[in-house]
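Take a look at this one chain, the form predicted alone, written out in structure tokens.
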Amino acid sequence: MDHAYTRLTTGQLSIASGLVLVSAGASMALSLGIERGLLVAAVRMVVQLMAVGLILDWVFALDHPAAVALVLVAMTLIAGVSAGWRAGASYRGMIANGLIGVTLGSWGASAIALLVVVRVHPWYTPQFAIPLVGMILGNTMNGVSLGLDRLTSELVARRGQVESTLALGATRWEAALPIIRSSVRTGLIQTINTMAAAGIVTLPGMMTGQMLAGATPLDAVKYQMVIMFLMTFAIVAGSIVAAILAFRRLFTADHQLDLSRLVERKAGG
């Protein structure tokens, strides 16, 4: 049975937003101290989402490949920079490494989604291209970010072990490989947990959105599975690329670990 899409009115949105005020009031009553942060985050979310909504309304109406490409490039730049900026320690070129990893992983998966799996024609159809690339980008960003953070922190924590391995004649690749593997696994943990719980504990976002838009549950499930498989590929590819680029920055050509290139970031900075 087909159901019409239900538009939310301002009044309905106000009811939902009122629950945030209730939550802030509960924080004040219990002296949790999170009411200010909660309200600021809510206001920022509203402003950001409204701005994005207005931009996407314009892009959808224009339906031109240049406009869609501009939005996708902007999203990719923001995701790539964020991935390289979130780690606790940084090195020169880390943001570039995060950007390259996110771009290659997410755009590769997105191309497969749009051209091979869903077969969108034309490829730049905004209602397909922007949401699909956006979901893949967001998860790839998180995976690459977690992977880079794990790689840098483990190199610091296991410095003695790595340098001993190098002193015994191992190449820089042999010494770094266990840590690279660990960083890629870390980047995938969240996606693996999501896949394991999908359909039993939670209804993932893509599936929920499809059903709210009127798709049958089975059709929504198919789209969700496609997205999860593509996100997994994007995270693996992006994390491997970013980890290898980081490895080349932190190990010298004469097979030495150079942690002097790492700079610890200040909290909140």
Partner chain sequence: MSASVESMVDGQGRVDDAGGGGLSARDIGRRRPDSDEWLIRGLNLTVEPGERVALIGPTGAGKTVFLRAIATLDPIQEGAVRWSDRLVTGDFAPVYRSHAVYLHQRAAFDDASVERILRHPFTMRVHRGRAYDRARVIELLQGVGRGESFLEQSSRDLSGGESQIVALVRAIQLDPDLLFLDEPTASLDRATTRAVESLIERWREERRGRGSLVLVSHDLEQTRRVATRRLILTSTGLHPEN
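Nothing here was measured: the structure is a model prediction, and the numbers come from that model. Positions refer to the first chain, counted from 1.
This next part talks about the form predicted together with the partner chain, which is not shown.
None of 107 to 115, 134 to 142, 120 to 128, 161 to 169 except one has non-hydrogen atoms within 4.5 angstroms of the partner chain in the model of the complex; the exception is 161 to 169. Looking at Q12, you'd find every heavy atom of it more than 4.5 angstroms from the partner chain in the model of the complex. Proximity of W173 to the partner chain in the model of the complex falls within the 4.5 Å heavy atom cutoff. V71 falls outside the set of residues with a heavy atom inside 4.5 Å of the partner chain in the model of the complex. Looking at I244, you'd find a heavy atom of it within 4.5 angstroms of the partner chain in the model of the complex. Proximity to the partner chain in the model of the complex, defined as a heavy atom within 4.5 Å, holds among L77, I95, L177, M195 only for L177. Residues of 241 to 255 placing a heavy atom within 4.5 Å of the partner chain in the model of the complex, in sequence order: I244, F247, R248, T252, A253, D254, H255.
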